[in-house]
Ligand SMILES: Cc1ncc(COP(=O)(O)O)c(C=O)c1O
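One chain is shown next in structure tokens, namely the form predicted alone.
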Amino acid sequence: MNEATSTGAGHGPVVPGGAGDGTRAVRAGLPEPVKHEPTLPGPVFAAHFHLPGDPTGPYTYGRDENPTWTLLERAIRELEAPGRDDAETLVFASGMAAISSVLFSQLRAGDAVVLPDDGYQALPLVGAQLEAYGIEVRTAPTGGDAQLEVLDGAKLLWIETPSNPGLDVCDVRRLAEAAHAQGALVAVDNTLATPLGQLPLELGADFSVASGTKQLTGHGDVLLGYVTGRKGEAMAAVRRWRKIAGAIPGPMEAWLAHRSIATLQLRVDRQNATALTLARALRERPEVSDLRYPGLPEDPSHKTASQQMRRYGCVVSFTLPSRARADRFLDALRLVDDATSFGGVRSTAERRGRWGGDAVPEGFVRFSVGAEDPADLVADVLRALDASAV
């Protein structure tokens, strides 16, 4: 193990104060330069480490820590909590592993939790398991800050904004203040926004949780999750849960994720700009209804989103008249993969109702905008809409 990867202490090269998002993404988490060593050290494959004597030091066993994780966790913390020394990040094997670590480490039998009823489709499965453990689960929609109505006495408020797949937005700061006034913790699923679009801790949340599988890594080849939170008992419990559950990322996945973060700002800006262009084109189509994109001024969520988001995301959602029409549309696309997930450099789209876990119409389409040339992508979508009308 070289000097660049031998310790979890200290910091990497100093990024100038007020540096732009691109500069921060490119430099995030890098170790101090060491002569003849790579700028970003390669993945450290180790189940155990040399450990004579008492078990002290940062690296003892591969389920607990890994030098490759250390650099990635530093990188994500620098993006999610810029300039803050009171925050830390823990990485996980997947987004669901990260979500589970917060919910199951913070809640006990007799506690109450508030979950969105329009969030990620696996959340109801988590809710059912929480109820099996004697935890009261309350649900409310994301739009209109409806969680306020069921917050009384809750131990934890879980926010997903923008929501997936409906793209509703809630006021994180308002909800966090209300929750903290009652002694509740607040977690925000920041997957769709990314830390370049939204900073939940700055808005008052205790945890920012995300699936790094999506736009953070952006290439559709890595499963990863993370939790960023304020140092203290709550994050110590999350770390302990990771140790107990063993839901850890492999070193290769962690290294690939860190490598990918360097292009995050480039990808996010391109994909966000194209998403807005696509949304504008779709609003002119008579067969498209319930078009949602927070970046559109007329979107119901735009006002709130514009107050707390710096970028609006790469996902556009809309509804076509029927399941058959949506299927024909997806089949006619040439530059877009019919696949689940979102945030990748290659555009994807799917009829979300095929999974059965979301309360959406049969013709509902979740469209993830990639990094293709905007004119090419929009032309492909409009051509596919025309073709699907036959």
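These figures come from a predicted structure and were not determined experimentally. Residues carry their position along the shown sequence, with the first being 1.
Beyond the structure shown, there is the form predicted together with the ligand, which is absent from this document and is the topic of what follows.
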{"query": "Residue stretch of 93 to 101, 195 to 203, 176 to 184, 287 to 295 approaching the ligand in the predicted complex, non-hydrogen atom distance within 4.5 Å", "finding": "93 to 101"}
{"query": "Close approach of Trp255 to the ligand in the predicted complex, 4.5 Å, heavy atom", "finding": "no"}
{"query": "Distance check, Phe342 to the ligand in the predicted complex, heavy atom within 4.5 Å", "finding": "yes"}
{"query": "Contact flag, Lys214 vs the ligand in the predicted complex, heavy atom cut 4.5 Å", "finding": "yes"}
{"query": "4.5 angstroms heavy atom contact with the ligand in the predicted complex for Leu157", "finding": "no"}
{"query": "The ligand: the contacting residue among Cys170, Leu72, Leu224, Leu167 in the predicted complex [heavy atom, 4.5 Å]", "finding": "Leu224"}
{"query": "Contact assignment for the ligand in the predicted complex, among Ser317, Thr228, Ser301, Thr191, heavy atom within 4.5 Å", "finding": "Thr191"}
